[in-house]
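Before any questions on how it binds or moves, here is one chain, the form predicted alone, in structure tokens.
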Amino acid sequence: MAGSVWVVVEQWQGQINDISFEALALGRELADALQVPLEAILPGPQCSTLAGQLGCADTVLCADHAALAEPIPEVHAAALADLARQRQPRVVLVPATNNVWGVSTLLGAILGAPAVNFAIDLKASDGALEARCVLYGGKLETRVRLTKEPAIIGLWPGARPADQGRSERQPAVEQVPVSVPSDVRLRLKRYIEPEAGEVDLTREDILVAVGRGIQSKDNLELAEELAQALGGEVCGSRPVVDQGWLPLSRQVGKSGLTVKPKLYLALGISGAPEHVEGMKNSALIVAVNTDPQAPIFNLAHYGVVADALELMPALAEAVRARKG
């Protein structure tokens, strides 16, 4: 429908990813504010089997095409552009994850439309759209005003809770034809699963996460002692893994694991969006950092401005004493 708000649904091997529901939650708010329909764009072969999960949308547009089975940005952007020319949406929300990275920018280039990435919020203001975006790993925020349509928005994970975008309501479902390029140079031949680690961090209730703030690999022992006292496991951010302090199997974040423990203790972690994506749904987040302006404090339920190297042994001792 012309003037509607679109949410491009990201699915991976038959599963709808959480960021799609985050986008639906934000899309619902925006569509209601603009008084226009919310439409979910669901690409992929036999995608209609997943449409029932998208009840937050008024209508699900199923782009059932074999070429959309794999996350190739060039193909997805071309299909979306073809559909956008037919339907004339006002806003297009595209998840900004590894699976479909680059789709929003390519879509904007094809349509000659404004495109912004790393958006964490979007509002209608005085006849225009205003996107709030993060820059430099979350250290800066900027507001971008978009006056031309359609506005293409690359939505960063965490904009809204995923549960707000879930609904038991059954949406209307419509099959829509799309055209895709026949001369795509990229082909995905197979997927190589990473080797399993010695422990499955996704099943742990307590995680002690360390970042570059612990200064050196020698200080990992402090985190391990604290994890042992708490009955949990040690994990880390990408900089820690890149420096070889921890194996890849213990990396949490966009290029690592997604975890949802009961307690996530973040020690010396600044809180870059890439890391936040992997742990933002933890039940309780406690952050320790010497920088009071660290982005991790915006997410944490409890924050301590302190040196993690000093706090870890004191906390481990207190936990052991409490356990008797």
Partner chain sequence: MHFLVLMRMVPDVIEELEIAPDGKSLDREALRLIASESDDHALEEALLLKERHGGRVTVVAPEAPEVDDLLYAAAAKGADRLVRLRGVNPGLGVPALAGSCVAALQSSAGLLPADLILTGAQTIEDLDGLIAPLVAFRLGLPYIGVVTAVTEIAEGKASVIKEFQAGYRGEFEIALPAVLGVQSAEKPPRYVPVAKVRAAMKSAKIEDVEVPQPVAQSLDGIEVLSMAKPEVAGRAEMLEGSPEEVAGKICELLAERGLL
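Numbering follows the first chain given and starts at 1. What you see is a predicted model, and the numbers here were worked out from it, not measured in a lab. Whichever C-alpha set is largest while still superposing within 1.5 Å between the two forms counts as the rigid core.
There is also a form predicted in complex with the partner chain; it is not shown, and the following applies to it.
Contact annotation: of the candidates Leu220, Ala124, Leu230, Leu83, the single residue with a non-hydrogen atom within 4.5 angstroms of the partner chain in the model of the complex is Leu230. This chain is displayed alone, yet in the model of the complex one of Glu29, Glu274, Asp64, Asp58 has a heavy atom within 4.5 Å of the partner chain; that residue is Glu274.
Residues of just one listed stretch (161 to 169, 125 to 133, 174 to 182, 86 to 94) have heavy atoms within 4.5 Å of the partner chain in the model of the complex: 125 to 133. Contact check for Asn98: a heavy atom falls within 4.5 Å of the partner chain in the model of the complex. Under a 4.5 angstroms non-hydrogen atom cutoff, the partner chain in the model of the complex lacks Leu246 among its neighbouring residues. For Gly256, a non-hydrogen atom is located within 4.5 Å of the partner chain in the model of the complex, even though that partner is not displayed. Taking non-hydrogen atoms only, Glu74 approaches the partner chain to within 4.5 angstroms in the model of the complex.
For the partner-free chain shown, Glu274, Leu284, Val286, Asp291 of 266 to 291 come within 4.5 angstroms of the partner chain in the model of the complex, judged by any non-hydrogen atom.
Core-superposed comparison between this form and the one not shown: the C-alpha position of Gln53 differs by less than 2 Å. Relative to the superposed rigid core, Ala63 undergoes a CA displacement smaller than 2 Å between this form and the one not shown. Taking the rigid core as fixed, one finds a CA shift for Gly256 smaller than 2 Å between this form and the one not shown.
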